[in-house]
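Read the single chain below, which is given as structure tokens and is the form predicted alone.
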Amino acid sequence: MGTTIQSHVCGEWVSGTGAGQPLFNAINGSEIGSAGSDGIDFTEVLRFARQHGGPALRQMSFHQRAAMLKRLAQHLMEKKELFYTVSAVTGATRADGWVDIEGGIGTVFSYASIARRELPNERFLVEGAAERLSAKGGFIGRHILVPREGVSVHINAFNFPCWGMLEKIAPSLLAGVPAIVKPATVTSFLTEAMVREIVASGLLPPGALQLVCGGVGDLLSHLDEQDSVTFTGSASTGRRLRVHPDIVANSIPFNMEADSLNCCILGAGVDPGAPEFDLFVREVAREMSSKTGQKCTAIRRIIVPAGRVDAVVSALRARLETVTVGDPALEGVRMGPLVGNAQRSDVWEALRAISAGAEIVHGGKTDFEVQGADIAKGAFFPPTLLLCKQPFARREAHDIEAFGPVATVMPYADTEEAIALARLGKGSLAGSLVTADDAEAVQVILGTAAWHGRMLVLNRHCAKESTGHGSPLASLVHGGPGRAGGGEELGGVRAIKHYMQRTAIQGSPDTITAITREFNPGARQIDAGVHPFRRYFEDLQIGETLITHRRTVTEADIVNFGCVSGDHFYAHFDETAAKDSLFGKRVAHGYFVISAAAGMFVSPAPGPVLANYGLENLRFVEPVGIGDTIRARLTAKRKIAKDPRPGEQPNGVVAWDVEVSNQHDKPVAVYEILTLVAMRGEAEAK
């Protein structure tokens, strides 16, 4: 008998009161421990998260949460070898473990970076532009997002004990919402090992992350309207949880990511010997053997031109024969066992069902070679390839998934048939097309996108840098329609917003400015009596405005700017052609207008403004001709405090709303500039 796998709830490590579910070594079948959640009071678990974890996280800004996650990722990376040791017991090779362990930690790093780069240093998020709701502009609307004041419950699958947890908790914690993680029991010992290091780091507030190893008990019955649930696993289990009475009654958001029958399509014009043919064979074989085929994104259906079936089968056979199955600790072993004997039985049963409509052309036998382990004790399974010659007549390969190293080749006559076969999966997490023909890529992607959460077009041009068919990335959505669950995870800021409440707010421009801490059209403009570029970051008020002197544009301005820039576009220099253009006259360069505006509003002497950080949302509204007079309005729109770096003067980013108008007070150019502005405290200390 091994050790008891514990849960971490209410700030303590606890063991279930019952016998728990036995856990086994996937390589030799020996019992390594047990896990159970009997005796855990889930009302207290939820209360602890709501009363401690939630308030602590909501007191932090997005940037503070991001810094916390970055430090956590650094800590976990330092402990990665411990996780690799535990991961091997699940049957994972070093390469398999890398995807789960370092891939998961890398996702946390990515989310920390996304939050620092794309989110404000605030506790809420303003989304979209102001909406004018009245004729005179005295009544406007905005959208804001705030953290939901509940708990996110994550029910994860067995195949990625680390990544599955980390890719969900990262956006949840960034959103300011505490998480309760319930890993699949069979591999929960690896999740427990990582959570122990997270707890030991002391980087997360108490209650921000809790772990339940064992059954979910009556947890879902105690959720309320502010909570959310994310699920990864089988479609049947997901459907059952989705209709839980309390989830339905309280309209609790339920995000589902289910295993799907993902496909890979070989382009119609790809011949054996072409780089794309070799890429196709390599990608399919890799997806079949990586994690022993236990990936929700793994390729299950191999869709190839009818005239290439024999060549594809032959090439895949040759490739799969090089896959050495055995103890992952041995050098040269490329594929370990399935996660356990129960999973092995499930895969054999599914293979028998699929083979009723397809022929086994490689593998599929119980007497195969295993390196360094006893085939009778470990959960080993051979790489197995099937051929379904009539994929429109036989539905087994489109309906049944063997969650292991099993895939089925199926022929198509033309591109429309390939698209039709891809759709028969009834919704997939990921699909791929291998082709160098961009016209074919357009036809296939637009024909299959509605049925897939993610699509990869692979060819010689991107192969060296491609992350492959089955690799979810933090910046792209992970999920899919139909059988795949209809949910979305990851996707950068999109995932963070999943845990937040979007609220439309309405009121006067001044009130909305006060709430959003962002200047809105029609709000009061402040004259502080000093040029805003002479003010330190802390002193600047949202709404501080400078209205510049006027400048009349001359022909010399246009000629000189054209000579400096090299821009001699006809509308600026050809009087005859300009009269026949939409302008009706010669006009100044748009970039001259904004350059002239900068000359009018910049305060040239050294001061708190350190640098121009960028220009955004530029739009030229009206042409400016010779003799027109312009001036600029500069208004402090929003402020973003930055965490100081070692040796750097503390500063923040100030976004300025700029409107350049003509002598008729009509806008001719509108845009936003960003400046780095020094903080006063450091400067005064010097």
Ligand code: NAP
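The structure displayed is predicted, hence computed values, not measured ones. In this text, residue numbers run from 1 along the sequence as written.
One more form of this protein should be noted, the form predicted together with this ligand, which is absent from this view; the next part is about it.
Checking 544, 192, 259, 518 for any heavy atom within 4.5 Å of this ligand in the predicted complex turns up a single hit: 259. Exactly one listed residue, out of 478, 586, 469, 362, brings a non-hydrogen atom to within 4.5 Å of this ligand in the predicted complex: 478. Residue contact check for residue 451: none of its heavy atoms lie within 4.5 Å of this ligand in the predicted complex. When contacts are judged by a 4.5 Å heavy atom cut-off, residue 528 does not count as touching this ligand in the predicted complex. Taking the partner from the other structure, this ligand in the predicted complex has no heavy atom within 4.5 Å of any heavy atom of residue 91. Though the partner is left out of this view, residue 171 does not reach within 4.5 Å of this ligand in the predicted complex, counting heavy atoms only. In short, of 231 to 239, 432 to 440, 556 to 564, 528 to 536 it is 231 to 239 that has heavy atoms within 4.5 Å of this ligand in the predicted complex. Along 135 to 161, residues 155, 156, 157, 158, 159 each place a heavy atom within 4.5 Å of this ligand in the predicted complex.
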